[in-house]
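Two forms of a single protein chain come next, each set out by itself as structure tokens; they are called structure 1 and structure 2.
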Structure 1
């Protein structure tokens, strides 16, 4: 029994590695039901009429790509399929390439045309001041789009003079930009907003969800996989949930096994005697 309590940690690491490899090789799937916060984002986009304007702020960089890029792709699939006008931008200079790639790749699948069906405003510094500028006049905030086109001449922006004219805004963030959008954008200009974030900052966003300052939230790879399931475009996030779920189950089994062996071996009684 004592040998079981002193298992070489390399055996545990090897078991986790084998579990990941097996989950990638063996063909099986696990259900990924949507949680209410993710469902609310989907329902909001589903309720928008054809031609409505959706603004997506791609506020992340390559370091958080694995969690947030799948969210962006799933949102774009849903939005283009619904016939929405998509406006992209970013507060992160390292995120321009990811945002441009996501928008152009998904738009091409639905034969959407740049300028007419979607635009990418690109990056501009400023943070809170930029948001307030957009709230007053989006064309003075962004005189040119990412490709140098005059924003007053873009058909996709027709009818959008400020943030007040946006039908829905989603911030995909790996930092504090969700709070910035809420404080300097939503609260002042009264547009509806949803959010996506990395798993590590997801718990910090729930107060904003509970106060209805955001109507929905996608957190981490799980949130992305849930949205892929709802939007019927299962891809990277959905596939990534399989090894993640298998590994989590294995870790739970190891924890249960360790506790059972500990109690059977009398370790609990020994600890109590020592404490006395």
Structure 2
């Protein structure tokens, strides 16, 4: 029994790895219904008129790419299909490459032109002060876009002087930027905002959903897969939900196994004796 309680952790890693590989090779399907917080982001974008301005803040880097890049791609598919003017930016210097790649690759599928249909403002340091600067004048916050173009000359930014002129903002975050956007942007300049985040910070974001400081939330790969389903562009996140479900079942089994063996071996009684 003691041997079962001290299994080499590498056996568990191997089991999880095999479960992921097997569930990617074996063909089966599971439904991915959209949850209300994800549905609300979709509905908001769906309700925007053609030519409305959507600002996406790509606040993540390659270490969170697997969760947030599928979200960004699905959002961009939906936005370009709807004919929205997309404005991209990032608070994370390591995120510029991913944001640029996502915007250009999806825009080319819908024959969208840079400067006219979408712009990428790039990275600026500052966090809260950058947001407040954008709230006063977006052109002084970003004098030039990522490619060095004067932001006052970009047709896609026509009619956008500050954050107040943005029709909808979505922050895709792997850190604290959602809170920063809410505190220094949304509450101060009164625009509607949604958010996408990694699963790890997902539970911390639900209070903002409840207080209606954000209108919708996509948390982790599941949130991305739900949005892909809604936007009818099933891709990596949707594919990832099969191994996700299988590995979750495996983790539950491991937890149950560990607890059953712990109780059978009398570990619970000896622990209680020690605590006395």
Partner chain sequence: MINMKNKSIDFWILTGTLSLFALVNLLFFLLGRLSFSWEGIGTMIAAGLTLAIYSFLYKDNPTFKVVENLYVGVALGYTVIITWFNALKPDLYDPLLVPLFTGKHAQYLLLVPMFLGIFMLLRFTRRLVWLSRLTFAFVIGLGAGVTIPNYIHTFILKQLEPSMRPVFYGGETLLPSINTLLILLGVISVLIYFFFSVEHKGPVGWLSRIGIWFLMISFGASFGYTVMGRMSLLIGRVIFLMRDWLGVIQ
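Predicted model only: the values in this text are computed from it and were never measured. Numbering follows the first chain given and starts at 1. Whichever C-alpha set is largest while still superposing within 1.5 Å between the two forms counts as the rigid core.
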Practice prompt. Only one of these is the form predicted together with its partner chain, so let me know which.
Written response: 2
Worksheet item: C-alpha of residue 235: shift of 2 angstroms or more between the two structures, rigid core aligned?
Response: no
Practice prompt. Align on the rigid core first; then say whether the Cα of residue 34 has moved by at least 2 Å between the two structures.
Written response: no
Worksheet item: Comparing between the two structures on the rigid core, is the C-alpha shift at residue 250 2 Å or larger?
Response: yes
Discussion item. Keeping the rigid core superposed, can you check how far the CA atom of residue 260 moves between the two structures, in angstrom?
Written reply: 7.6
